[in-house]
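Starting off, we have a lone chain in the form predicted on its own, written out as structure tokens.
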Amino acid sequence: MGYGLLKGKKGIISGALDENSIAWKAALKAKEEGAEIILTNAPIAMRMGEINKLAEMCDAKIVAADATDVADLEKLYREAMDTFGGGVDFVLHSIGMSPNIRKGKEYGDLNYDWYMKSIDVSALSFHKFMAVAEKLDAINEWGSVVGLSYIAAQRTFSFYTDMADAKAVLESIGRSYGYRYGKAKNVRVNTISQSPTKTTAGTGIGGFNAFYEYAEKMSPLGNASAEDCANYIISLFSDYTRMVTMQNLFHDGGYSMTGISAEVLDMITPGE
């Protein structure tokens, strides 16, 4: 049951691949809360996923766009403004990809061409999403832009390799563009540092299942689910968070603030 938090609002949601995606759940929640949305993803991701099914569920238009291509993003925003008869009120950036992780490359043996691809897709696209929107005046005053991040931007996790660097860049862009867009048009920009989540992308990272269980034991509330994250995203799109901007917001059940938990101690020294 919705509460009308986004009644009358219009937005763009990127990155929905399948029903395990955070973006997928955010799209359903935005629709439930009264918003009109446009879905977008790269053409190759759209062929791999089930975005047509989601579009039907949300009564949403799909606009294919490569988030690294400025011309594609210009087309996306223009189609959105034509469809909605004006600007958008929110944008979700839920995009990340690392060829080095997919190919099992160690951090000390990265393919640098792939590394640049990771940065471009996972971080610079966040800047492009906002730079194009600003030039086209595509986001309404007091709009909200949210990007999805991970704690590896601040702390080292060996399995996250070059994606950790990409997430650090993403968060920096959120702060820098948050200042710029806030001064220009009261648009707020935030990133969410989410728990390890059993999405198609997340489970493709080596060692994910073991770390998921570790984070579950470390977090006093347990890992935040994709559904929980979608709810948090909606709150940032709503007018109840009008003065929240330039923040990296941890949505992780308390993991980021826990030194060590009793459960993990018991794993190390059972019975003591």
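Model, not experiment: these values are computed from the prediction. A residue's number is simply how far along the shown sequence it sits, counting from 1.
What comes next is about the form predicted together with a small molecule, which does not appear here.
Asker: In the predicted bound form, does each of Glu33, Gly174 and Ala230 have a heavy atom within 4.5 Å of the small molecule?
Answerer: No: none of Glu33, Gly174 and Ala230 comes within 4.5 Å of the small molecule in the predicted bound form.
Asker: Closest heavy atom of Arg188 to the small molecule in the predicted bound form, within 4.5 Å or not?
Answerer: Flag for Arg188 set to no.
Asker: Does the 4.5 Å heavy atom contact test between Leu17 and the small molecule in the predicted bound form come out positive?
Answerer: Although the small molecule is absent here, Leu17 would touch it in the predicted bound form, with heavy atoms inside 4.5 Å.
Asker: Just to confirm, Ala42 within 4.5 Å of the small molecule in the predicted bound form by heavy atoms?
Answerer: It does: once the small molecule is placed as it appears in the predicted bound form, Ala42 has a heavy atom within 4.5 Å of it.
Asker: Quick check on Asn223: any heavy atom within 4.5 Å of the small molecule in the predicted bound form?
Answerer: It does not: once the small molecule is placed as it appears in the predicted bound form, Asn223 has no heavy atom within 4.5 Å of it.
Asker: Quick one: which of 148-156, 78-86, 108-116, 179-187 gets within 4.5 Å of the small molecule in the predicted bound form, going by heavy atoms?
Answerer: After filtering at 4.5 Å, what remains is 148-156.
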